[in-house]
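In structure tokens, one chain follows: the form predicted on its own.
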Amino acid sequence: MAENNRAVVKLKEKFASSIIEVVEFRGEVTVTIKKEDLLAVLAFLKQALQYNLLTDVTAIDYLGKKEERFMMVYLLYSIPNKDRLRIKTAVSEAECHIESATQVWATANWLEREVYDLFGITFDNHPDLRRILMTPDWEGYPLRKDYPLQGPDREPYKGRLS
């Protein structure tokens, strides 16, 4: 049960006002927090609870489904405790930026660059925020739900012509 998870208990003690939602699904715990408290929560998880591995950073585009269009997702792992934790925080389209987690984990550098490249979410205080997968002159962000399926300036696929 998510409420008994050691990380959730400690987070509720220290960051009770920051926690929006705690969910457990198929044995995986997800904690949704306020955007402004992200770095403090991530630093606490690393230093106090030994979540010493940031395995992935990604985003979800909820175009037209939620008030805040994007959800940032941080997947953490505690090697000593063999425990996984997912941290989520909402990012609006109007203010499409969030603080960089590179201050906590150096590996966030490339992971955040990928999110920037494919979703267009910018990371404040990132040491090298530039495209990593698409060419520098590429227009748009391919994983956004409003991005054209065929890519920019291309005819829609019409099936096999022969």
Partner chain sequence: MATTEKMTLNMGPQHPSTHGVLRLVLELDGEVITKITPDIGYLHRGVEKLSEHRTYHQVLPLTDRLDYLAPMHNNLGYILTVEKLLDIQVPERAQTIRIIMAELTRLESHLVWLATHALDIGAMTVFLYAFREREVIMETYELISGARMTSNFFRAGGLSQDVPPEFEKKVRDFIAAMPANLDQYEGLLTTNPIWLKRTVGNGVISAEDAIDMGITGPALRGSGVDLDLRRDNPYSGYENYQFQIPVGEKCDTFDRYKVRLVEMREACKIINQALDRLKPGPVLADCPQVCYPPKENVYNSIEGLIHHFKIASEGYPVPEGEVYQGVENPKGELGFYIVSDGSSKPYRMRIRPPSFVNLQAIEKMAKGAMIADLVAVIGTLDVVLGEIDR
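Worth saying up front: this structure is predicted, and the values here are computed from it rather than measured. Positions refer to the first chain, counted from 1.
Not on display, but discussed next: the form predicted in complex with the partner chain.
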Requested in this report: Evaluate residue 105 for contact with the partner chain in the predicted bound form, applying a 4.5 angstroms cut-off between non-hydrogen atoms, and reply yes or no.
Outcome: yes
Query raised in the report: Is residue 75 one of the residues lying within 4.5 Å of the partner chain in the predicted bound form, judged by heavy atom distances?
Result: yes
Query raised in the report: Taking heavy atoms only, is residue 46 within 4.5 angstroms of the partner chain in the predicted bound form?
Result: yes
Requested in this report: Classify residue 144 as contacting or not contacting the partner chain in the predicted bound form by the rule of any non-hydrogen atom within 4.5 angstroms, answering yes or no.
Outcome: yes
Query raised in the report: Taking 84, 134 and 149 together, does each of them reach the partner chain in the predicted bound form with some heavy atom inside 4.5 Å?
Result: yes
Report task. Output the sequence-ordered list of residues from 6-33 with at least one heavy atom within 4.5 Å of the partner chain in the predicted bound form. Result -> 25, 26, 28, 30
